[in-house]
Ligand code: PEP
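One chain comes next, on its own, written as structure tokens: the form predicted alone.
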Amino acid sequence: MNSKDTQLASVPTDDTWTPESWQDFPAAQQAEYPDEVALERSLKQLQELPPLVTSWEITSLRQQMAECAAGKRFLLQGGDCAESFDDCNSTVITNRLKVLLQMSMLLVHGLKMPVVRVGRFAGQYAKPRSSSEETRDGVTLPSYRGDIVNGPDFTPEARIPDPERLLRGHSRSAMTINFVRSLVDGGFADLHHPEYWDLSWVDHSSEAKEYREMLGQISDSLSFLETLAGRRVGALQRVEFFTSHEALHLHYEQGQTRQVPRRWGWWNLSTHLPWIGMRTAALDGAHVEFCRGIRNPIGIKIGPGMTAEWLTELIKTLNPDDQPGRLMLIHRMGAGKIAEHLPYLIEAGQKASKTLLWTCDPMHGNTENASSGVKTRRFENIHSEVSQAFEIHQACGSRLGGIHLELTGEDVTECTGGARDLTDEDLKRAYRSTVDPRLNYEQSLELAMAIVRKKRGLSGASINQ
């Protein structure tokens, strides 16, 4: 084990952990496959397929997350609530990449620090459900658990968990990652050509106008720097992108967890950054058992139901050596609850660890039903939770190091409010999500600008500085 591996070590305190040891623990939110032989056959194939990411990329992300915790970087994590196999196409992927690039550029310019870009994609194919069954018009079928498990159509055939979908999930994830890498490596993210990132349908947006004015300032600064240097700044022709998804379907996570040559430990090579959701964060549960043994950085969603004692034990279990960059706490309280619940959790985290990265998910705690009955989120509540999060962390002597969003580059109307002041009536115009409502392009840019204003305001600096 080399010195860098030693610095990043965070391992089980015993020798009982294996990629399969989670199966000896209570496993919530798992699919019930009717054909065990077919499941084993798919798992064997999954274990033999090439990994989707590398251990070197994972190590790089851990180091950058440690810098986020130290206030030297800011983490932007975003993407769809749940990917679908049908959305694995160039237009959807490119537009998703565009909005994340544009948001990150706003944050870099406004916060005056590097931004770590983490896509909530290339594996976000499983979703937790409140019930294992769904009933419509007197007919009861298994719940839709995401494309990696079964289909969304309400038919007996579609709702049967199919292990072949594990392989399709790997394939779609590989295609997504490869296309993103090709775009980035091919110059799509070149700061010299930000016009590549434009989304044509947003010309009316005041946020887009302000964004393009900011790009002009960056272009002028870049030209001045290159004139002084006498050469093109090649390092600005590409950016790093990392992937993340909820480590929900443990058979899939197990299938891509392996050891690698000349490096110590086990790595989940299905993604750079897996996270544990609130519904699967039981201390004696299978998801915590699985995640404690892998070398990846780990996220944990924490909500109003999380106690200080529970959080403390999670931290001790998942990061016993208190290694920088290992653990990210993603709080998702809701605008009306964050002031009551976040302070005591911050205090518990400060007592248990000196290396935690705190990020805010302002989406999941603010879900409500519109007058039509569909799920929506109000932009004003999303904005409020982010603003309160910055204030609470500062008051507690802590630091908010990132943001976790459900968003899309498509022209959807799923969240109300924002620059166009979308109402419940607007939701029916372009509501496309099969699970949770997402911010659209201009709402995402508006929130990025709000983050800059809030953070710069708390530090006493001008946004135009």
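This structure is a prediction, so every number in the text was calculated from the model and none was measured. Note that residue numbering begins at 1 and tracks the sequence as displayed.
The protein also exists as the form predicted in complex with the ligand; that form is not presented, and the subsequent description refers to it.
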Picking from 308-316, 273-281, 99-107, 151-159, which part of the chain touches the ligand in the predicted complex when contact means heavy atoms within 4.5 Å? 273-281
In the predicted complex, does each of A27, H249 and R292 have a heavy atom within 4.5 Å of the ligand? no
Exercise: R120 in contact with the ligand in the predicted complex, heavy atom 4.5 Å: yes
Should A370 be classed as touching the ligand in the predicted complex when contacts are defined as heavy atoms within 4.5 Å? no
4.5 Å heavy atom contact, D436 to the ligand in the predicted complex: yes
Is there any non-hydrogen atom of R263 lying within 4.5 Å of the ligand in the predicted complex? no
Identify which of G334, P142, P128, P343 has a heavy atom within 4.5 Å of the ligand in the predicted complex; exactly one of them does. P128
Between R172, R73, R326, K301, only one gets a heavy atom within 4.5 angstroms of the ligand in the predicted complex; which residue is that? K301
Contact check, 76-94 vs the ligand in the predicted complex, heavy atom within 4.5 Å, ordered by sequence, gives C81
